[in-house]
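Okay, here we've got a single chain as structure tokens, the form predicted alone, with questions on binding and movement later.
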Amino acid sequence: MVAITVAILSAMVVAIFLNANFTPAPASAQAEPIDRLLRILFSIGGVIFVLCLVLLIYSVIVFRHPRDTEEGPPLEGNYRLELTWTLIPLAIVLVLAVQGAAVLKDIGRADPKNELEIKVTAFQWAWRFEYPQYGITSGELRLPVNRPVLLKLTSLDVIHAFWVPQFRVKQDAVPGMEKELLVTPTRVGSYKAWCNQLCGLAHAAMQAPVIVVEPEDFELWVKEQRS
């Protein structure tokens, strides 16, 4: 009965995590593999939660004996059980490590020849975006769709973190250092870049518009900014 209950509830939890939309709509090439890994992690965690909860409730109900004050019988260790609950989590962790490494490879550097390089400077409490290839500085991040963008981040004061939820990827901006973040926008639209590190009094208001446009519209914007 316990095994059947665990199997049914686990199947329900896995189905929910594999199909529910609990994150913003993805808008970058990096978002899909990250979402896939996130769903796997939630599914495994959900199964473990169901197993523990069902066994806990079953033990409380079936083995409850409020008037029994005697000591329990001495029990020796069960090596098979101990090996099982050691090796299974170890196997899960190793599989997830391999999967995580594969995801990191998927979201790594693309073809450097086609990358758009943008210098991102964070400061309390705003963002500045510089386009060295075009000699443009802007308070908004304008990106061409389906083109890899290499963001080079730094900070003028404290640690900040550049994060667009729809892109999934995030990177810290550290004073005195230059950190890199690669993102390839795949959906035209307007988004917001947030600071994801508590950076002071106006941290919640530290945001910047992120606008993803068609390549021809991006080129038009570049001409307008340079004129």
Partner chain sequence: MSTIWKLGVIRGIVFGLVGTVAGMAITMLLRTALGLSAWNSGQATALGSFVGLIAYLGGLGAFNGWVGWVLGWPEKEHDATELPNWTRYFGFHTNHKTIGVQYMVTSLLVIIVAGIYQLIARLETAQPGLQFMTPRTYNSLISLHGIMMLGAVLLGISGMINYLVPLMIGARDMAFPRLNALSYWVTPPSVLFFLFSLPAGGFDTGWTAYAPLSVRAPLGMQFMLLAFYLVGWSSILGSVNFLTTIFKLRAPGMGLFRMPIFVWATLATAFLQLIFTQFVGIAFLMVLLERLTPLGFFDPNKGGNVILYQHLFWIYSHPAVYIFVLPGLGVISEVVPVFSRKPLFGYRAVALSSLGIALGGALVWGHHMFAAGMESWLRIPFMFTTLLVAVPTGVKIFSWLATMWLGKIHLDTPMLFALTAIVVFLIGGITGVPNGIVPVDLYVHDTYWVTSHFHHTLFGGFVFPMMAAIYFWFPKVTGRLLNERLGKVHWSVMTAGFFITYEPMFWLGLNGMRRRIVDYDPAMGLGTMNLVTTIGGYLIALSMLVFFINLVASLWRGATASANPWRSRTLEWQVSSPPPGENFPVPPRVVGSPYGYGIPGSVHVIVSPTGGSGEKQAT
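Treat the numbers as computed from the prediction; the structure is a model and nothing was measured. Numbering follows the first chain given and starts at 1.
One more form of this protein exists, namely the form predicted together with the partner chain; it is left out here, but the text below deals with it.
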Please pick, from 136, 126, 150, 96, the one residue with any non-hydrogen atom lying within 4.5 angstroms of the partner chain in the model of the complex. 96
Is there any non-hydrogen atom of residue 132 lying within 4.5 Å of the partner chain in the model of the complex? no
Can residue 190 be called a contact residue for the partner chain in the model of the complex at 4.5 Å between heavy atoms? no
Within 4.5 Å, heavy atoms only: does residue 145 come near the partner chain in the model of the complex? no
Close approach of residue 140 to the partner chain in the model of the complex, 4.5 Å, heavy atom: no
Going by the partner chain in the model of the complex, which residues of 161-189 come within 4.5 Å of it through any heavy atom? 163, 165, 168, 169, 170, 171, 172, 174, 175, 176, 177, 179
